[in-house]
Structure formats: C-alpha cells, structure tokens
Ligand code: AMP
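Let's start with one chain on its own, the form predicted alone, as structure tokens.
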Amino acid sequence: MSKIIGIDLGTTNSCVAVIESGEPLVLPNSEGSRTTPSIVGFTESDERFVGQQAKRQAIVNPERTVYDIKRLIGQKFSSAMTNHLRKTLPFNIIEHTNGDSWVEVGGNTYSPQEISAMVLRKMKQTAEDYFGEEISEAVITVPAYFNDAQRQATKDAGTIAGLTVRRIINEPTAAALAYGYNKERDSTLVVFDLGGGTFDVSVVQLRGGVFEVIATCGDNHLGGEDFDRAILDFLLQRFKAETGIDVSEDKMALQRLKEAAENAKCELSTLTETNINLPFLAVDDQGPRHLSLGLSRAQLNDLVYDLVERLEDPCATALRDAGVSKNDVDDILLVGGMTRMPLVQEKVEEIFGKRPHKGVNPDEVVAVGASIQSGILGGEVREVILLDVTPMSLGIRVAGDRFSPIIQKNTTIPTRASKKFTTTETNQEIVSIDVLQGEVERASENKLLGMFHLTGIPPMEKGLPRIRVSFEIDADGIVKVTAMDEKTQTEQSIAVESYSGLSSDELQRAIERNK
C-alpha cells in the first residue's frame, strides 16, 4: 500500500510530510529545503518551474511569475479580494466566463486550481523522490475560515495534480494534532495561525487522544502579504517624496520593492534596524535614481499597527463561541511565519494573558499535522480521534432577503440538520433554494454556494405546503443540500461541490494539460 502524504498548501510556502515508523517526517525538496515557495514561473517558451527557481525569476520576469494564488482560489472576479490583488500583483488577473478569477500568462489562461496543482505536483514529486515509488493519495490543509467553494477548489487542485485527496483538514486543527501527538496531558489549546494570506484562530480541547475543535474564527483577508504591502507602500511614498517619481505602475520596480519589503520584515524579527538599498530603481532626466534608507523595528510596528489590531476580534469571538475564558487556556500555539514578528507575539500575550508556546516550527507544524491525519487514514496512527467543526453557519434565503441558518457555525462535522419551510404565494408550484454560508442576517451579504429549484408542489394556499430542507456536511466540510415536499415526497438536491469554479469538462482539460 502506497503512502498517504500530508501537504500544507500555503500562500507563501508549501511543505510535505509523512508518517515514517510511527513518527512524522518533513521531507526535503530537490533543492534540499524543507519548505517550497508557492510560486510558479513561466519562461518565454512556456516552460514552467515551481519553488525557489520561480522565486528567483520574479524580479526579472514579474508578469510570468505567479504567486499568492491561494488568495484567488474560489474567488469571484468582482470580489474585494480580487480587486485588491489586481492592484498589487504583477501578473494579469482576468474574469473567466463563470465570473471566477483566473490568471493570464503569455497568452495562456490558468485557473487558480491549475496553478495550485503545479505546487501540489512539486510536493508529490518530493515524496516520490524520497520513497522511490508513485504517490497517489494525500491529505491537504486549508485555512479554517475557507468557505465551501474554496475547499472544493482545493480538492480539484489535488485532482489536477494527480492526487486522490483523502481529506481536507483545517490548518489550525492540523497544528493541534502535531502539538498534541503522543502527549498524554489533557489541555485546552488555542491555535493562532497567521500565515502569508490568511488568519485563523481555533480553540481545541485535547482529552485522552481525542482532538476536539470547539470553536474557530478568522479573517481570510489578513496575512503576511498585507504586512509586506504596508512596507511596500511606505517605500513607494518615500521614493516619490525624494525623487518625484511614481514607480507604482512599473512592474519590475514593484517586484524589487516587494522583495525588499519582505526581507526587511523578516530581518526586523531579530534585528532592531535594517537597511534597504535598491540601486537604479528608476531613471529620469537626472539619470539613475536609487532608494536607500534605514528602517527600524519601531517604524515597522507603526506601519502595521492597524493590521496587528485586527487580530484581536477573531480571538475574542473564538473564545466566546467556545465558552472558555483566557484563563482556561493552557497553551497558545503559534503557527505561520508571521508569528515570528515580535509585535505579533506581544499582541498574542496581551490578548490571552500568557506567553505563547514556541516549541514547534511554525513553518512545518501544519504539514506535520496533515501527515498525522494521513497516518490515521492509512492505519499507521491509532488511538487518535479528530473532531473538527464547520467554521461558518449554513442556511438558505427566505422572504425579505433574510438568512435562515440550518447548521450553526462551530458544529462538529460530519453532521446533518433540517428545517421546515413553506410557500409565500398561493398555488406556488416552484420554490427556489439559495444555499448560503455566513453570519449576516441579510441573506444577500452572505456567500452564495449554489441554488436549485424544487418543482411539482401541489396547488395550495400560501403557508400550507411543508418543505423540508436538509443540509449535510461531510468530514471535508463539503456540503450537500436536499429539499423535499412532504406531501408528494418530491425531492431535489444539490452537491455544492459543483460550484468549485471548474466544470467537469474544464477539470478534465486541466488534468490532461498538467500531466
């Protein structure tokens, strides 16, 4: 039986791990690194490469270097996130026929699922090189606050990469598995996961080998890339103030500034001051113009203060939903590269009243947890039970554009629940079911996952028909919805997975193109 691998498909970096002789093992890639940049580069002849090699070409070939793709997966072109990324990323983001966000490179178009699949294939190859055999199954992690469309799109990426995705697991849950593996002490744990693109916080109880997530919250629009952008904007303004030149439309200059911003942020996690030197950033009548300045940790803290403040509300919500106080928390587990920033660590200590645990590698712990889940599925890990939750409420639209939840957020999955509804018009024969995910009372402000029609309702006075709507969520968080007229037993259903963004034909074409 071939190995099931665990993959952390990250916004900035990805990582693959396996269970070997009962213990998690992070696998080095072909360059010898245990993490791989989640970046895909294309040459003029459409040759592609993934990881460090792609990152190296980003400055000289920015329009053919694709990164941050995790922030686009499952996103509509009209979304606030896509609008933000179109202004900040050097490659071309276009609208697909179904309204989703795709990327265009050298005249070719790719879905975010395809780009993600290229990164996953690199992870797959890393495992195959290590074991010397084909790998066909994987557990892949996603942010806890990913919605249904984003989860299914991630599964599609795995399929395109040639992997059977045995389980989608939330990143904080994976981190809790890694932390609590082979530990006998019962505890209440907060997983604070601030990665490159998203922020999640989960409250997890460890009891006798049972890992139970009792609440989760987060912000899909907050991550390390936003911190980089704050520094980049500061550098743009400083260069314009000194030279009068605006390089915000110069993609090569922007890429150099972005890399300098990221490096400065990382250096200021251990240093109190760093220097940024970018010669020949632009040319005007006076000749070449350079950017050279010192940036202190105090200045950085001022630049990102508002971003760090946004970390507090999701933490408070998670504790409140879990029904625990900060005094009930035994450990805070830091996950994601951004948790290395001293200001973030100080904020965590301020929120929870205790210093966070630093006994795990924040870049690898999610992949390690995914490998433990893969070991559970493969029979290599026993006496461990994982109980996860759905991060957002699920329900339907009812009269007056109101949202009627059927499964509440933080319900343990897999689960099933139903409610009865009726008609709003006399002799109404068709009922439209809009499947929604979110927490807002106004239905139109929540995420539309899909819609379908229940037909054949017998003519009656309004309010008399009884229509039972049932929601079912599987262990991956994928949703199936059924509506049934109780009088005629007429039934219609929808597996929301079909709304991942790719049709079956597009998925098959992507598989063929990426073989």
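The structure presented is a predicted model; accordingly, all values stated were derived computationally and were not measured. When you see a residue number, it is the position in the sequence shown, counting from 1.
If you look for the form predicted together with adenosine monophosphate, you will not find it shown, but the lines that follow are about it.
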{"item": "Whether 139, 158 and 374 all lie within 4.5 angstroms of adenosine monophosphate in the predicted complex by heavy atom", "value": "no"}
{"item": "Residue contact check: residue 225 to adenosine monophosphate in the predicted complex, 4.5 Å heavy atom", "value": "yes"}
{"item": "Interface membership of residue 340, adenosine monophosphate in the predicted complex, 4.5 Å heavy atom rule", "value": "yes"}
{"item": "Adenosine monophosphate contact in the predicted complex: residue 250, any heavy atom under 4.5 Å", "value": "no"}
{"item": "Residue 269, heavy atom within 4.5 angstroms of adenosine monophosphate in the predicted complex", "value": "yes"}
{"item": "Stretch in contact in the predicted complex with adenosine monophosphate, which is absent here, among 161 to 169, 175 to 183, 119 to 127, 329 to 337 (heavy atoms within 4.5 Å)", "value": "329 to 337"}
{"item": "Contact assignment for adenosine monophosphate in the predicted complex, among 256, 265, 71, 151, heavy atom within 4.5 Å", "value": "265"}
{"item": "Position in contact with adenosine monophosphate when the complex is considered in the predicted complex, options 391, 196, 143, 395, heavy atoms within 4.5 Å", "value": "196"}
